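A single chain, nothing else alongside it, follows as structure tokens in the form predicted alone.
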């Protein structure tokens, strides 16, 4: 690439992330030029209303017309930072079709339309990069696409939602109830006014679809990822978990079983010496296991305008530095067709708290019911609660279909006074 080549960017959106990307390009211009041999600058910024005053950039930079960006031959990179699937999908499709490279932070778009967009980028001999779509400033996409190509990855465990990690950390640290920890997260800016996507696990599911697609070189979309959120995790469960040497996280889990994959999101308990157990607050982390690498963990801030902008900038620099390089590193379309491993056939370890009648023979009746389904109890804590008692159990690894059948039957016993709500235990395999 010629020294001092000029590269122009079309920026879609000028919110928190977009304005920070613009500022980084201004502040780090010298370092970027040294790294790439190019002068990179924003030529146009797409916004909904140019009449709204905006700081940090000259007013004549803004436009309401995407066609001005699409049809400008000098703009070679489009950075999509508006979020959502529409009109983002139309904009990204048009940009790739015209041969422009695309950088996006849009997890929803990629988890639903990524396969099509990757193929389109390959067909048009251009690039699409998306580091900022998962885990903020942590370069996990780059690591998976480049450093882990020959790692023979077997599993990915991700704490990929800072809101839920903050809430669970607060509940565990202070004993706060879920609703109070959520309110604190909103007060401190770690949760949106409507946190449904976060606490339901859907945000994490979108990110895990992207990570699994890249890690296993196959097509995984949002609808393929079953998810459960943290709404029903109680502070009492977290207190018992501490007694058992466990801590709670909302995990995204992608595993390879017998050349099939299983991708899910669910609350899980981890041993306190597990590397992910110490990732607290709004931080994110991704834990990788593979044949050739054993274990690797990447962690850092998972959200924030400047952190996300930093990941976007990393992608822009990669596009500029590798514009002529062909191959899978530029075109992340799936080249394997892996089937999905059924959830019910996964072998897992479970924690379970049951409210029961405090009378003789209750534990024996419950244990017998589990035994009918070949579900083996590893350990039991019994706590008196007036006329009732609580049984806190951890089980040996078991086929999930058998475990689900057993707790359905246990929940119907007269001595059981509340619906069983199990929590998976990860990293406790025998």
Ligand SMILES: NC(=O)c1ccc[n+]([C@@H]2O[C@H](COP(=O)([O-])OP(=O)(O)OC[C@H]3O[C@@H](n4cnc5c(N)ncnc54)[C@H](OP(=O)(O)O)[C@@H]3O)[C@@H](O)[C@H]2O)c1
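As the structure is a computational prediction, the values presented were derived from the model and not from experiment. Positions refer to the first chain, counted from 1.
Absent from the display: the form predicted together with this ligand. The rest refers to it.
Taking the partner from elsewhere, residue 420 is found to have every heavy atom lying beyond 4.5 Å of this ligand in the model of the complex. Although the partner is absent from this view, residue 23 stays clear of this ligand in the model of the complex, with no non-hydrogen atom inside 4.5 angstroms. Contact annotation: residue 18 falls within 4.5 Å of this ligand in the model of the complex, judged by heavy atom distances.
Proximity of residue 48 to this ligand in the model of the complex: non-hydrogen atoms within 4.5 Å are present. The single contact residue among 300, 245, 99, 83, judged by any heavy atom lying within 4.5 Å of this ligand in the model of the complex, is 83. Contact annotation: of the candidates 275, 342, 305, 281, the single residue with a non-hydrogen atom within 4.5 angstroms of this ligand in the model of the complex is 305. Stretch-level contact check against this ligand in the model of the complex with heavy atoms at 4.5 Å: of 100-108, 147-155, 209-217, 227-235, the positive one is 100-108. Using a 4.5 Å heavy atom cutoff, none of 139, 205 and 287 lies near this ligand in the model of the complex. Counting a residue when any of its non-hydrogen atoms is within 4.5 Å of this ligand in the model of the complex, the one hit in 119-143 is 132.
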